[in-house]
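Okay, so here's just one chain, in structure tokens, the form predicted on its own.
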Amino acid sequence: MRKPKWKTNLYIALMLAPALLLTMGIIVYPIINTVIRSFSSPEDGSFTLANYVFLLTDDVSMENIAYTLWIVVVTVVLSILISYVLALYLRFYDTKISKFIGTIYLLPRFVPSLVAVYAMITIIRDSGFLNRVSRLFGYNFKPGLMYNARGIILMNLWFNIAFATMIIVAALSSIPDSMVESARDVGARKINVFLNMILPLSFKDVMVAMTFIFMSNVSSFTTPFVMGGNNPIMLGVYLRKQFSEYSNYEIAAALSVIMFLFSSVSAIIYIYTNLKEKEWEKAN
């Protein structure tokens, strides 16, 4: 005898209730509370836009926002370019070097971020490993990569190239060798095969990699806090200052919402790319 449908639905709802309540408690409530507080006056809790007006008109805040976006965009572009070239090499060249790189290129993903940052500092600081090696040859080479954007970007590349390469290699692996060989057999040049076949077929996965790199770096904290300068600073460090040092909780909440909106832009691009791919699949 089959159970009534309402009993089945009730059973499913009871099973899902703990997970739903947990999600509401640790994800949804903090987000709602942050949005509400971002529109609240610190004096009496009344509705106000002053927190956003301050962040979008204050010279220091705008400089920090521009500084963050510039670092993130440069990180995304360089990570994708380097990762794509590396992924092409790993996918289409079967050599001992490519096999060796294919074995170790994911190692940075297993190194804790703080450990990696301090390891990089011992190498690139002006009195670090590179400087000591240069002194052995009579030079005094100082990389000048600490406490500025160049050092942060270098560290971001360390974290993101392995991740982006992994995604792009997976995309390129789905392209059959026979398809590439057929194009070559009919006279297509390598550049034409790449532009008309490989690049379009891997475009969606490149967008996925770009989306996740953008989102993870726009709110990054460890690298800019340890390796960055005092002015300008990235938004993650600026948020921490507003919250912990200045006790500007409402401005910190507004800054959190702005960072969330920046991440949402990349998420929208990701969703749009997926929808366009599904439309393309239906059309074909």
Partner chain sequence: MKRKMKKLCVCAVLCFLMLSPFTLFAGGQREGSAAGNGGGKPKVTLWATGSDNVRMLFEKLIDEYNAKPGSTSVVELQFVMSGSGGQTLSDRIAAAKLAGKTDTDFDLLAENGSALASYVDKAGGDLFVPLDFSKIPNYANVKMKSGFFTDCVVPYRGTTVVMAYDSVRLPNPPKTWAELDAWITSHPGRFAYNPPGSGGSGAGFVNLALYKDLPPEAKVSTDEKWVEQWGPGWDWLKSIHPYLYTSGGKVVYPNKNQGTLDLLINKEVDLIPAWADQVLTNISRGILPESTKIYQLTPALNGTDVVLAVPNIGGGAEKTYDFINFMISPAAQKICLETIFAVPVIDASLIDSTYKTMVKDLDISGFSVISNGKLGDVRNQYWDKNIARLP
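Numbering follows the first chain given and starts at 1. Every value quoted in this text rests on a predicted model; they were computed, and no experiment measured them.
Unshown form predicted in complex with its partner chain; subsequent notes refer to it.
Although the partner is absent from the chain shown here, none of L88, E181 and A183 has a heavy atom within 4.5 Å of its partner chain in the predicted complex.
Only one of F203, F194, F212, F92 comes within 4.5 Å of its partner chain in the predicted complex through a heavy atom, and that residue is F212. Using a 4.5 angstroms limit between non-hydrogen atoms, F39 is distant from its partner chain in the predicted complex. Contact check for E43: every heavy atom lies farther than 4.5 Å from its partner chain in the predicted complex. Although the partner is absent here, M24 sits far enough away that none of its heavy atoms falls within 4.5 Å of its partner chain in the predicted complex. Heavy atoms of S127 reach within 4.5 Å of its partner chain in the predicted complex, making it an interface residue. You can rule out all but one of 79-87, 153-161, 204-212, 185-193: in the predicted complex, only 204-212 has residues with a heavy atom within 4.5 Å of its partner chain. Residues L239, R240, K241, F243, S244, E245, Y246, S247, N248, Y249, A252, A253, S256 of 239-258 are found to place at least one heavy atom within 4.5 Å of its partner chain in the predicted complex.
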